[in-house]
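First, one chain by itself in structure tokens, the form predicted on its own.
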Amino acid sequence: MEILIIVISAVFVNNILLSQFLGICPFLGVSNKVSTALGMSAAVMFVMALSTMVTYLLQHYVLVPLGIEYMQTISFILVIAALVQMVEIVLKKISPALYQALGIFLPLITTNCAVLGVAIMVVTKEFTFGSEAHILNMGESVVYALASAFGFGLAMVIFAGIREQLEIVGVPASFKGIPIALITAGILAMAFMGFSGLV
């Protein structure tokens, strides 16, 4: 039951993109086409899950025992940067078309605050189940990271689909491009606010 609460909370109620506003750069930059949004979402999901596992172990077995928790942000950024380099090398070999489509935004996963935000939230956030609060264990942390990444991907794909439709319909000239994208993002965020209070 706790896992289900974590998943629903991460995907819908506290969507990393639309409720917590982390990862806005790729949200606006890579969401012109659904195919590109799917590729970016898959890359973010992989990096987020892997980085959460590594940073969880780093936090609990290196930083806390040595009493150097203040190095958390720097060490987490280094781990995420290394993982993004791995993803970039693999994508370049496996899918050059997707690698070209993601362009500059693939290296930007390194500085994507959604990935770093989830890694930090996993080791600091207390979830309340019933009347008691507890810090997530490693399995729950990975589930939270995957659910957050899925929520990120869901928001990206919905937004990309809407933007593709907006290219077809007649949008007034003064609203074309980023202005209508920001209005759409605001309406989408309000739609996701309807899930608040679900868990």
Partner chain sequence: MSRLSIITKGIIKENPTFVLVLGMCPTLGTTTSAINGMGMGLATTFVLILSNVVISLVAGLIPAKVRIPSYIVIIASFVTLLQLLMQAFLPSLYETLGLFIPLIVVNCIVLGRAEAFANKNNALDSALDGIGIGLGFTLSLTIIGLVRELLGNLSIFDMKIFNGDGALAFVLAPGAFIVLGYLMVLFRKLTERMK
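Numbering follows the first chain given and starts at 1. Here the structure is a predicted model, which means the values were calculated and not measured.
The same protein has a further form, the form predicted together with the partner chain, not shown here; the description that follows concerns it.
- request: Quick one: from 83, 106, 116, 91, grab the residue that has a heavy atom within 4.5 Å of the partner chain in the predicted complex.
  value: Looking at 83, 106, 116, 91 one by one, just 116 meets the 4.5 Å heavy-atom criterion.
task: Run the contact test on 78, 110 and 178 with a 4.5 Å heavy atom cut-off to the partner chain in the predicted complex and return yes or no.
output: Judged in the predicted complex, 78, 110 and 178 all sit within 4.5 Å of the partner chain.
field: Partner contact for residue 73 in the predicted complex: the partner chain, 4.5 angstroms, heavy atom
entry: Yes.
message: Quick check on residue 173: any heavy atom within 4.5 Å of the partner chain in the predicted complex?
response: Contact with the partner chain, yes.
- prompt: Going by a heavy atom distance of 4.5 Å, is residue 18 a contact of the partner chain in the predicted complex?
  reply: Residue 18: contacts the partner chain in the predicted complex.
query: Looking at the partner-bound form in the predicted complex, is residue 101 within 4.5 Å of the partner chain by any heavy atom?
result: Answer no; every heavy atom of residue 101 is more than 4.5 Å from the partner chain in the predicted complex.
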